[in-house]
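Just one chain is shown here, as structure tokens, and it is the form predicted alone.
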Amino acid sequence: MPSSSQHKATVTAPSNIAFIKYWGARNLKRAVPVNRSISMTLRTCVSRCTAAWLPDRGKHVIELRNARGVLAPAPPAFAERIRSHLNFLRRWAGVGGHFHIATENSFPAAAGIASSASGFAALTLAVVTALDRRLSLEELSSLARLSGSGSAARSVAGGFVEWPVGFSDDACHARVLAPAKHWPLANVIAVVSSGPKGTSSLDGHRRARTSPYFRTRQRRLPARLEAVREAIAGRDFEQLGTVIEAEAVDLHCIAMTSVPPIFYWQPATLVVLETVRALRAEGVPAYATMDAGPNVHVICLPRVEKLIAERLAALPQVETVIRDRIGDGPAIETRHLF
């Protein structure tokens, strides 16, 4: 292992948008899901994390770039989640000491655009790299999952990703269905609310089984998963879009009928969904999906990305539009945050 002055690494990890959702857990503490999920790794929506391992005893230092562009102590709840994962990684690696962590996002955090996935994937990969460990994709996926963010298990890979391969600890990792170059899809995100959502995804997972529609969705999932795999393999956009829209509605139906109910949608969400349907009626190939939040991801072919972005940006209910595409996954960087 290199000298302590070299125990520093910066990694950029992407967010992902789930086509088939992770909603409900067999074991929430270890982020073992009830069902498999399939996602598309993004390129523009990323988290960047610098991790430095310091062998002397001390408390972890955890910083987050704030809205003013300044690195500052992370909010307590967020810092506690990071601290817990750092302690786990320290035990896993068999090292003492402490870590200095700094992180930033290129997109709104906690707004339903999978910032936990990109954030904890970046954290995991930065720490592993700083400790000079060489791991397989399967091992990295499992370590990221054990942060408590199951979707982070998908963000360690690029392209189209399925998670998990199996439901035991040993098999609860992701696999790549197809690389990004296989099908260069675009994702136009209509941000209708950049603030933190009222109910976290973790609480949503806890409540999922209380919905009377939870079991109905579980029965539908094997066919949906296979339909999405087939659509990706054959680059069948209409088949993909039809399934992912139905899947997104089901997730939010379960959230709204959980006990107590969770309402992620806002009036602006419905305006965007209606605009997507209107675009499709005009012959524009576009389908909408949403994770646990009010913001809408519009999956489309690159040739209509600009048109869709302009139409959504013109809506007074939309704060901003993010134009993203399928990406190749995490990258090690030479520019550090501190």
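For every residue, the number given is its place in the sequence shown, counted from 1. All values reported here derive from a predicted model rather than from experimental measurement.
Below: the form predicted together with a further copy of the same chain, not depicted.
From the list 154-162, 121-129, 138-146, 247-255, the contact stretch for a further copy of the same chain in the predicted bound form under a 4.5 Å heavy atom rule is 247-255.
A heavy atom within 4.5 Å of a further copy of the same chain in the predicted bound form is found for one listed residue only; from P267, G166, P76, P184, this is P267. Note on contacts: among V271, L307, L54, V61, the single residue with a heavy atom within 4.5 Å of a further copy of the same chain in the predicted bound form is V271.
Using a 4.5 Å cutoff between non-hydrogen atoms, H98 does not count as a contact of a further copy of the same chain in the predicted bound form. Contact between R65 and a further copy of the same chain in the predicted bound form is not found at the 4.5 Å heavy atom cutoff. Heavy atoms of Y213 reach within 4.5 Å of a further copy of the same chain in the predicted bound form, making it an interface residue. Remark: R133 does not count among the residues lining a further copy of the same chain in the predicted bound form, judged by a heavy atom distance of 4.5 Å or less.
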